[in-house]
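To begin, one chain is listed below as structure tokens, in the form predicted alone.
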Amino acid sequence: MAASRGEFGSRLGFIMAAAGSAVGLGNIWNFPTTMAGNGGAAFVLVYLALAFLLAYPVLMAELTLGRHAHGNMITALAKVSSNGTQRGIGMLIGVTGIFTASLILSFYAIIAGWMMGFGLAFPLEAIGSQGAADWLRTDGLMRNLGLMFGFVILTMLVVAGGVEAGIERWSKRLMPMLILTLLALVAYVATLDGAGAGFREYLVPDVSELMSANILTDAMGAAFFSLSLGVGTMLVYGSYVADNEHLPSLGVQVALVDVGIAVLAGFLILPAMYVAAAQGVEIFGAQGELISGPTLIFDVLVQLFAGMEATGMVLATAFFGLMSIAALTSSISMLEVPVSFLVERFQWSRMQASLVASMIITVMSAVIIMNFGALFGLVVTASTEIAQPLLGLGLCIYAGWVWNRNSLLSELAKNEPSEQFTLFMRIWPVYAQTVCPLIIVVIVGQTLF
């Protein structure tokens, strides 16, 4: 029996789900250190500008295409096409988007599993289960496979519950938990020795960096990727938005929450790194750059927590809990991309579609784990630095050039005809047609060459 498509039951539910999709591990560990290496507050200013000059227009393209079609990525691009060639290219883009979302989730589940493992290890150690704690923290094939599988199952159970009873319900619980945990950790770390140096690194702009070629490119990349654009997650979420909702304001609210959490994460990660430095932990790499990525999370911060005894155990549990929540809110949206396609294309129940998609992604993850050195970096680069922006380019072209302009504006202004005469309506289509594609081409070119 086929499942009904479902619909978000409230504006808050959509905002929490969409912001949860955008807020992921990269917002919390990668954004702060990328910012620190590009002039601190100077980078933040450029990032904030580009988040609304680039990322927000692309977000609106996805949301608008999704709600217009009330279907998955393939359905949406076919609906706005006017001939067979356009429909064929749209199908290719849609299939690539579904595969890319699955590919991203396949490596994301590995990292997220590690987060859950570390989050469980500290309290287990505190109650005397040292063997279990050591197993959870030590790299190994069975440990990596087990944690990955556990995370995929957790994601599957949420998605199988449906749009309102599963995705919306859990997003409305998890996102407030994430924000409150992040605020509590920021408040505590601010009281520790060394935190002041981290705040200065974060808040004092290096004006000379504004003239650097890297700052613009890095800020463009951060703004684009931070909103989870390109692979159809926002398009699918947009397809579950009621016709009486005001899309431009919804998009602004999602962008504000995502950008706000990324900026707030900087008030945690940078001070925490300098607190670690004050305790003798090395926070700089061989080239003098701040350590980032998995090394930051699983080495620098773990050493910090280990040196704080009982307090460190509490902080570590809260921190890795925070990271696990951020991972789960993103993974839900990534799994929803193939699930929505399977439900609509084959008329499967959500449980059946969720189970099949999860099994496929589990196999993909297992292959990466068993060939980690050769595949992990390659999969990350191919999916997030090449496929994702190219898919975003395709979505901009379909929203800006293939879709009839009057139909596009009518969809945006649905139930509010006066919206067609606003400044946003006059400027946004031009951005989607010209500015956004050009910027995405720059990002891809910088990555490839």
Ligand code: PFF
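C-alpha atoms forming the largest set that superposes within 1.5 Å between two forms make up the rigid core. All figures in this text were calculated on a predicted structure; none of them were measured in a lab. From 1 onward, residues are counted along the sequence shown.
Keep in mind that the form predicted in complex with 4-fluoro-L-phenylalanine is missing from the display, and what follows is about it.
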Seminar exercise, completed: Among 226 to 234, 243 to 251, 371 to 379, 193 to 201, the stretch whose residues bring a heavy atom within 4.5 Å of 4-fluoro-L-phenylalanine in the predicted bound form is 226 to 234
Exercise. Which one of S333, S358, S239, S324 is close to 4-fluoro-L-phenylalanine in the predicted bound form, taking close to mean a heavy atom within 4.5 Å?
Worked result: S333
Exercise. Pick from M148, V275, A219, I104: which residue has any heavy atom within 4.5 angstroms of 4-fluoro-L-phenylalanine in the predicted bound form?
Worked result: I104
Problem set entry | 4.5 Å heavy atom contact, L25 and 4-fluoro-L-phenylalanine in the predicted bound form | yes
Exercise. Quick one: is F305 in contact with 4-fluoro-L-phenylalanine in the predicted bound form, heavy atoms, 4.5 Å cut-off?
Worked result: no
For this session: May I ask you to state whether F320 is within 4.5 Å of 4-fluoro-L-phenylalanine in the predicted bound form, using heavy atom distances?
Result: no
Exercise. For Y108, is any heavy atom within 4.5 Å of 4-fluoro-L-phenylalanine in the predicted bound form, or not?
Worked result: yes
Exercise. With both forms fit on the core, is the shift of the CA atom of P32 between the shown form and the other one 2 Å or larger?
Worked result: yes
For this session: Using a rigid core alignment, state whether the CA of W403 is displaced by 2 Å or more between the shown form and the other one.
Result: no
